[in-house]
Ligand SMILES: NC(=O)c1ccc[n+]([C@@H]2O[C@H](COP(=O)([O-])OP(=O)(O)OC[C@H]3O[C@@H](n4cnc5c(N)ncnc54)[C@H](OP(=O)(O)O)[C@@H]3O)[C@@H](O)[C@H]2O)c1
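One chain is shown next in structure tokens, namely the form predicted alone.
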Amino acid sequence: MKKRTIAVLGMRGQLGTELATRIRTRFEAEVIGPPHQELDLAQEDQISAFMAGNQFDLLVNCTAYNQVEAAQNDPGPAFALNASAVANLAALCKKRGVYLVHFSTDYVFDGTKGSPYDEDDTPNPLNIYGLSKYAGEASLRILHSRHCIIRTSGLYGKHRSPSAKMNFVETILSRVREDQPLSVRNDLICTPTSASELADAACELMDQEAVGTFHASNSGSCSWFDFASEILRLEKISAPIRSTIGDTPTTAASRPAYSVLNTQKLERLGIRLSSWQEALARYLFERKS
């Protein structure tokens, strides 16, 4: 029997690495996915060449331009990767009959609802990054019916590509090691989500060949200040941390004040992630081993 081949774009990032590992074992599949320098998704001809030169029946897109502040000042790169590239992938996957799994963000919402967002709530992004991700979602829905869009929030994981910034957990711990002051916003509420657990949930959706939009995050919610405080508590660090509210003078992009995602649709499929506190404790334990 021929071994199944699954394409994972962005497989060297914090989510893509977790996914590639799980796909190899869960589906007993060969995973292909060239590094960014060999496949620039912003270039339509390169996407077409990759699709034409490889055979697979499932493609997972973990790539994204997620520099929120930079996108606000220069929208071009964000729309090229988060919108145009997704549209191209969708059209080519439809032509080839390939099931396409794509990741999106809580930043498609404006944060004014005041309760967890459902999948069918109307997006209203506050910043260019969120708008570019919503444009990618819309393109995918229009161009290819066999898709699965997975929205998540506050993602952190133990892997990162060389060009990527540190995740929030590592940033906090790095600042403590360097004896830098900690000032963290207490007015933005979301759900920090483990890349490891998100990868598990995504594999469950792939296994069921789920179609549509799904919210996947750890359970519960907190402010970024609460998240940082829990990191310090679990690591038994007594460094002072200051709670802040509102944008700084250097902040160009607005963030949703409350972007918690309702995961009941996912749970009805039998897929449930742990609480954000449990996921964080597990991450901190595993990073030491």
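In this text the structure is predicted, and so the values were computed from the model without any measurement. All residue numbers refer to positions in the sequence shown, first residue = 1.
What follows is about the form predicted together with this ligand, which we do not show.
Handout entry: Of S196, N127, S153, N88, the one that lies within 4.5 Å of this ligand in the predicted complex (heavy atoms)
Key = Checked against the cut-off, the match is S153.
Problem - The single option of D40, E69, E30, D247 touching this ligand in the predicted complex, heavy atom within 4.5 Å - result: The residue in contact is D40.
Handout entry: Partner-proximal stretch of 88-96, 102-110, 181-189, 135-143 relative to this ligand in the predicted complex, 4.5 angstroms, heavy atom
Key = Contact-bearing stretch, as computed: 102-110.
Handout entry: Triplet A64, L81 and S163 all within 4.5 Å of this ligand in the predicted complex via a heavy atom
Key = Affirmative, all three are within 4.5 Å.
Handout entry: Exercise: R22 in contact with this ligand in the predicted complex, heavy atom 4.5 Å
Key = Result no; R22 lies far from this ligand in the predicted complex.
Problem - this ligand contact in the predicted complex: R12, any heavy atom under 4.5 Å - result: Yes, R12 lies within 4.5 Å of this ligand in the predicted complex.
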